[in-house]
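Presented as structure tokens, the chain that follows is alone, the form predicted on its own.
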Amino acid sequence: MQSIQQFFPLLTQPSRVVITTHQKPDADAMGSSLALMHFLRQLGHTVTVISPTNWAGWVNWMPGTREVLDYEKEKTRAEEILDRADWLFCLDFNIFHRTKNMTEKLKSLSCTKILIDHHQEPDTASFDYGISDTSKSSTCEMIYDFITEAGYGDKINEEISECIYAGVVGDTGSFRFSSAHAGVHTLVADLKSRGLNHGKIHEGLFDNFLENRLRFIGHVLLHRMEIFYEYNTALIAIPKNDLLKYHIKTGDTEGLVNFPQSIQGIKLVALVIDRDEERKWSFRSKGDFDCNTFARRYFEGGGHYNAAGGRSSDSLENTVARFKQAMKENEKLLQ
């Protein structure tokens, strides 16, 4: 994989571009994709954003979201566009299987593939150009760097600013996490100097849900949360019946894994949700417990040091039992 800087000269050549990201895109995935779309269009490129799956309704306020194609719903049209693409930008993921049903299609494409991502252990052999930097707070921060380092900082308009800020807020936990380094605050100061209305973005991200979600969260914290103080661990296991009862949709469980972190002494939080095809895990940790290694070892996952995800094809009961065994095996690390 050649460096992203080596790709910069190609930006002057109008091309057919597809931007994609991981399945069920969050604020950072959607924000980085749309920010890059708005930027490249200013340079004369033809750009389409294709999401592998649907996405949370609370990101629909982002400028350009209505233009995004859902691969699962519009597969024929999406593949026609992919087949004609000169460039494929892959944002906020670093290995093709994170795109679910798009995986084999993306592997088969002969176009130039560019990676921009901040997760661990990238599959660099699958990309022609790119950057993988785990020190970055978010892929949105990396898109900001991409634009400014390529010499096009003057192209950062209101639409791009809103998309970038949304992703930064989402992936730093509203600037709570250690990833919110000094450069992140400098970035925000620059966006504010350009006229960014940050309050609008916070409302879009956090004040944009239905009543049923709040009642669902109350139910989950009361009835589905277990605390293991001897392991400094919290576990939330959500059966499918809860999702149906409260009419939970894509994105409604976003942020739920963070609630138990407010409990004094808790070092590891694990959330598992019983989906149709698999059990999906989210992990958060404080201090020196490595979520990435834990997720890779036990649940076919990975991510960041203090935040990772995983999956299991086993039943909810069995995957919870496996987690409890894994928790015991890591007792010393959780002290």
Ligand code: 5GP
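Please read all numbers here as calculations on a predicted model, not as lab measurements. Numbers follow the displayed sequence, beginning with 1.
Only in words, not in the display: the form predicted in complex with the named molecule, which the text now covers.
- For a residue to qualify, one of its non-hydrogen atoms must sit within 4.5 Å of the named molecule in the predicted complex; all three of 300, 307 and 310 qualify.
- With the partner omitted from this view, the residue of 113, 105, 213, 119 that lies near the named molecule in the predicted complex is 119 [heavy atom within 4.5 Å].
- Not displayed here, the named molecule is kept clear of residue 38 by more than 4.5 Å at the level of heavy atoms in the predicted complex.
- Interface residue remark: residue 267 is not counted as part of the site for the named molecule in the predicted complex, having no heavy atom within 4.5 Å.
- Using a 4.5 angstroms threshold between heavy atoms, residue 45 stays clear of the named molecule in the predicted complex.
- Although the partner is absent here, residue 282 lies within 4.5 Å of the named molecule in the predicted complex, judged by heavy atoms.
- For the named molecule in the predicted complex, the listed stretch (47-55, 62-70, 30-38, 274-282) containing residues with heavy atoms inside 4.5 Å is 274-282.
- Taking a 4.5 Å heavy atom cutoff to the named molecule in the predicted complex, the one contacting residue in 89-103 is 98.
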